[in-house]
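Given next, in structure tokens, is a single chain: the form predicted alone.
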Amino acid sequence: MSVTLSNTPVLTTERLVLRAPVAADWPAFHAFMTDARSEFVRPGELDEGKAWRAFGHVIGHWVLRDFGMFIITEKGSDAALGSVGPWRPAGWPEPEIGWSMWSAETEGKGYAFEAAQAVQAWVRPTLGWTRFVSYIDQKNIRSQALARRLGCVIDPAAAAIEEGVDAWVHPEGAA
């Protein structure tokens, strides 16, 4: 028996399908979260147990908030390439769109940009968000470049989630 999140939306783009996380995504998530490439999206080093709990956080966010990270897949394949989606854990000062590509082979193909654009368009009418940010580490050059491409700018007055992380505000639009 395979348990899945019910009533979660599926977003599609020209090349991608964005869907809810499933148990089969664990190996790809684990490989990413225990690799140095994940340094900007994890709190310190993660062993298998901490990575497992982080994956539970991704799944549980959907249950607790009615939204969360979508898993990015290519059309015609269900293999997890990364995640993108609306995010607002308890204590987060503002709603966020976050993203991560889980292997070096997926970078530079425009997948994160395409997926993030789909999520930007989805959160406005579905969640009613008119202002949302992406929290990006000041050393994360790749995510900063993606944020700029999405039309985001740093808001120096925005509340921070931690030292060394900027709030990049997405362009405003009607809900």
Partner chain sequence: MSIAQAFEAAVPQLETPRLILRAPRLSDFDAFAAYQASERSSFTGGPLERNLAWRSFGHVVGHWVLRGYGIFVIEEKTTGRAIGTTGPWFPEGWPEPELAWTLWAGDIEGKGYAAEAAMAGRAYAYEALGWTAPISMILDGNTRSEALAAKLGCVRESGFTHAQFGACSVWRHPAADAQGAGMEAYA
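All values derive from a computational prediction rather than experimental measurement. Positions refer to the first chain, counted from 1.
The form predicted in complex with the partner chain is left out here; the points below concern that form.
Participant: So which of Trp129, Trp62, Tyr111, Tyr135 reaches within 4.5 angstroms of the partner chain in the model of the complex, heavy atom to heavy atom?
Facilitator: Residue within 4.5 Å of the partner: Trp62.
Participant: Using the partner position in the model of the complex, report whether Ala23 sits within 4.5 Å of the partner chain, counting heavy atoms only.
Facilitator: Output for Ala23 is yes: heavy atoms within 4.5 Å of the partner chain.
Participant: Taking the partner chain as it sits in the model of the complex, is Lys50 in contact with it (heavy atom to heavy atom, 4.5 Å or less)?
Facilitator: Flag for Lys50 set to yes.
Participant: Give a yes/no on whether Gly56 approaches the partner chain to within 4.5 Å in the model of the complex, heavy atoms considered.
Facilitator: Because a heavy atom of Gly56 falls inside 4.5 Å of the partner chain in the model of the complex, the answer is yes.
Participant: When the contact criterion is heavy atoms within 4.5 Å, does Ala104 count as touching the partner chain in the model of the complex?
Facilitator: Outside the cut-off, so no.
Participant: Scan 90-109 and note down the residues that get a heavy atom within 4.5 Å of the partner chain in the model of the complex; none is a fine answer too.
Facilitator: Result: Ala90, Gly91, Trp92.
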